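Coming up is one lone chain in structure tokens, specifically the form predicted on its own.
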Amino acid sequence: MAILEVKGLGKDFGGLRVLDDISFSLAEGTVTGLIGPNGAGKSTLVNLIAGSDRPTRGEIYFFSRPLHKLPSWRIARLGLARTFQITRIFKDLTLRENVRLAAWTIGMRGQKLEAEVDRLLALTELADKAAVLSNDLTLPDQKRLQLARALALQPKLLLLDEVMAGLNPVELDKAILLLNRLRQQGITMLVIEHLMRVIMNISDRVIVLHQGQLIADGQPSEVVGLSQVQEAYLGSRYVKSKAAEMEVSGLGGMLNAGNQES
């Protein structure tokens, strides 16, 4: 069953076309990686799905219900949560207060609320920092807190915008394990990520954007081998050289170094 359907989606900012005729659907319970070079339109696409911005053209459906005219808070209450590339947390609140507030917004109260906050802080390995002010967190911990807050909304679909950025190799391994556990719990995910190591380990499918257009959609191992994907990341002249052909076979390693804004 399709949990999300995007049909002919387009977005213009003034005279600049940022997204053009984007169409795809997400099957319930799957993890889809969303990749592409800087400026490809990845974060804009997530903003449109989550209701942070309105599309210029096209339609978005969540369990067959139209989303493209709803405000973000109503979309969140339907079961769609997201994290942000630039972390957005209440820095004058503790970690526990941040997660509690998110759970409270969906009507959770009393002992059930406190138990859920405990569970999510433990799940994201933040339990020992529950009383710490969020302003005092490292960037990786802020990203984990964003994830805990998003999970407190009990989402059916989770949109993750570079949740792995800034993590060291050990933290990356832990984050991959966490996302795989969420997949086992049946949470559908659309994950923006530059790190191909992450994409290859968690994704059932990969969608590639380039210059606002969808240029590839398929299984991870197939997508990274496509010439149009290699050219989007490495450039056509680089791909055509013999030296480049050797490097392209390790495209994941090349992209692993990319960790910039979408």
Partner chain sequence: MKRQRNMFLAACVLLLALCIPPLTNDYIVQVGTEMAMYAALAGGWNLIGGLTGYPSFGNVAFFGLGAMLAGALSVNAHWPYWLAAIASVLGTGVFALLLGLPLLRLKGHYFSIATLALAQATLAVVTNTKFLGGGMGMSLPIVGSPGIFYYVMLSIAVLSALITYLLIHSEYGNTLLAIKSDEVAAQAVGINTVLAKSSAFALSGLLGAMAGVVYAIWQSYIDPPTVFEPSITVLMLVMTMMGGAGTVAGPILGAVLIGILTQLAMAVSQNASSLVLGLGIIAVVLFLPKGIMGSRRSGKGGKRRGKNTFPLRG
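These figures come from a predicted structure and were not determined experimentally. Numbering follows the first chain given and starts at 1.
Note that the form predicted in complex with the partner chain isn't included here; everything after this is about it.
The stretch among 159-167, 186-194, 146-154, 118-126 whose residues place heavy atoms within 4.5 Å of the partner chain in the predicted complex is 146-154. Using a 4.5 angstroms heavy atom cutoff to the partner chain in the predicted complex, all of 73, 76 and 136 count as contacting. In the predicted complex, no heavy atom of residue 112 sits within 4.5 Å of the partner chain. Interface membership of residue 141, defined by any non-hydrogen atom within 4.5 Å of the partner chain in the predicted complex, is ruled out. Looking at residue 177, you'd find every heavy atom of it more than 4.5 angstroms from the partner chain in the predicted complex. Although the partner is absent from this view, residue 171 stays clear of the partner chain in the predicted complex, with no non-hydrogen atom inside 4.5 angstroms.
Applying a 4.5 Å heavy atom cutoff to the partner chain in the predicted complex picks out 88, 89, 90, 91, 92, 93, 97, 100, 101, 102, 104, 105 from 87-112, in order along the sequence.
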